[in-house]
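Presented below, as structure tokens, is a lone chain in the form predicted on its own.
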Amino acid sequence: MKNICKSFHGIHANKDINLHVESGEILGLLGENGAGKTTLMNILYGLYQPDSGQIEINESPIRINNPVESITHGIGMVHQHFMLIQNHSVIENIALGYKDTPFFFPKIKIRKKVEEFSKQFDFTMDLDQKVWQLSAGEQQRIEIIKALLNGADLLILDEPTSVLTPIEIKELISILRQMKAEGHMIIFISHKLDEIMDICDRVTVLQKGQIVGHADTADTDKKALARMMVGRDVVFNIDKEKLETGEKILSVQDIHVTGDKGMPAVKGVSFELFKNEIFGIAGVAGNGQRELAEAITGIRKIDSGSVWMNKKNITNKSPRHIYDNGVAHVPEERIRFGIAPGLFLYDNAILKQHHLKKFSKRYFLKYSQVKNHTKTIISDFKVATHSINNQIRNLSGGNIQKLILGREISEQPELLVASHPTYGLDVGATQFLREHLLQLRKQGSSVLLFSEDLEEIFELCDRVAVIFDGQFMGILNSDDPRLCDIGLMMAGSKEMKTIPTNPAI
């Protein structure tokens, strides 16, 4: 890619980008949220057209007008949010994305070819299973098979590990190393410096749409890359101030919740949460974390048990009622539950708050106050956007997350339920938002933190519960030496024999 430029509404997303990747090489693409990484790769894949610049393959200039043409040139892309049809089977999704799928009996004709690719890369999956029944890692493998089946020599992976479990990440890295050994080229977009250092041969760093540096991973370290990416030193360990525990805020009593597939997802969970406390819930994805967060915040029905907030029973109340009782929520599925994609930033900045007196008068919104509030959030939380009149769907995932966090924290909630709050954020934004959570704790609020990032759990939490198969394996203080064995607990080993089941209200 030579001198690639791309602008949206007069704002540079990419400016004078020069990038190359060689056979049998993994190139890391690093940058803050909104730095232009995904835009650049969408140009290479044919989803966007550059305003100027040239793409070359083997020193021959080419023009890629759409993804179909990129596939014919041997370029495949696995997007951050998978492009699969949930109600179709694995083989049906692959057939729909395969350029040589025959008109008659497509599933029968390509099944053998798919099975050969699956064996080559040690994929084990039921080709007749519906996509919605699969884990994120299994869905990602479908996308990789689709790309390889179409003859991809260059594979672009956009934030490939953001929705994967630790085991699935190891499996993906093994697959990528095998592809590299076979001569494939890979462009690996990630915010995670450990992964970049582990798997990539070279790194290119973007900042505000421009390349600010290149490095061989063998000749650099995490601190140097972080400094290059955000333009300053990044603190990887935040000091947590010791605070006196306050009065009880939340009491969850023996709750049972059913999951999307009709099976029990949360099984008799009980705990309490106090002022000036961050309570972490750690575990491998799919063990009931999402269902527990949704039950507490009113999105999902509780089958039995109760939830009390400040001695008020909020069990199965509406999300609006629960919010009005002092509970803010940063959802795991931010696009589905956190925003209204087609509305402007200023509309999204007051979701759940539009009825407050400072934003409305009778039946009308006070738009001057709403817009000033939005500008404050954008400034305080460093949301990269050219205007508050921009539709929120046009923001990068990380900037959407920052706006949601800013909105939820802005009203100083008594309790913040935060599911993976730093998911998809670069190291600078992660540090910034973790400091905000600690500040919220210091101001007398409490935080219920759901995270698969153990570094985040250890860094922020006063107490940690480990969840497995919908049950708590134990609740430990942050200085408990048994936390060294948290991996065993996440795998189902119960470290604490007794967990309080009937806390006093």
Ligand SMILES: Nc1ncnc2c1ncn2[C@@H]1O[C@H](COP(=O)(O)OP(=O)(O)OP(=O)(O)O)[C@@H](O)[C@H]1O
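In case it trips you up, residue 1 is the first one in the sequence shown, and so on. Computed from a predicted model, the values in this text were never measured in an experiment.
The discussion below concerns the form predicted in complex with this ligand, not included here.
Think of it this way: in the predicted bound form, this ligand has a heavy atom of just one of H191, K146, H420, R290 within 4.5 Å, and the residue is H191. Though this ligand is absent from this view, in the predicted bound form it lies within 4.5 Å of a heavy atom of just one residue from T220, S89, S396, T430, which is S396. Though the partner is left out of this view, G36 does reach within 4.5 Å of this ligand in the predicted bound form, counting heavy atoms only. Put simply, Q80 is close to this ligand in the predicted bound form: some heavy atom of it is within 4.5 Å. The shortest heavy atom separation between Y48 and this ligand in the predicted bound form is within 4.5 Å. None of the heavy atoms of E414 is located within 4.5 Å of this ligand in the predicted bound form.
Contact annotation: this ligand lies within 4.5 Å of heavy atoms from the stretch 36-44 in the predicted bound form, the single such stretch among 36-44, 51-59, 451-459, 472-480.
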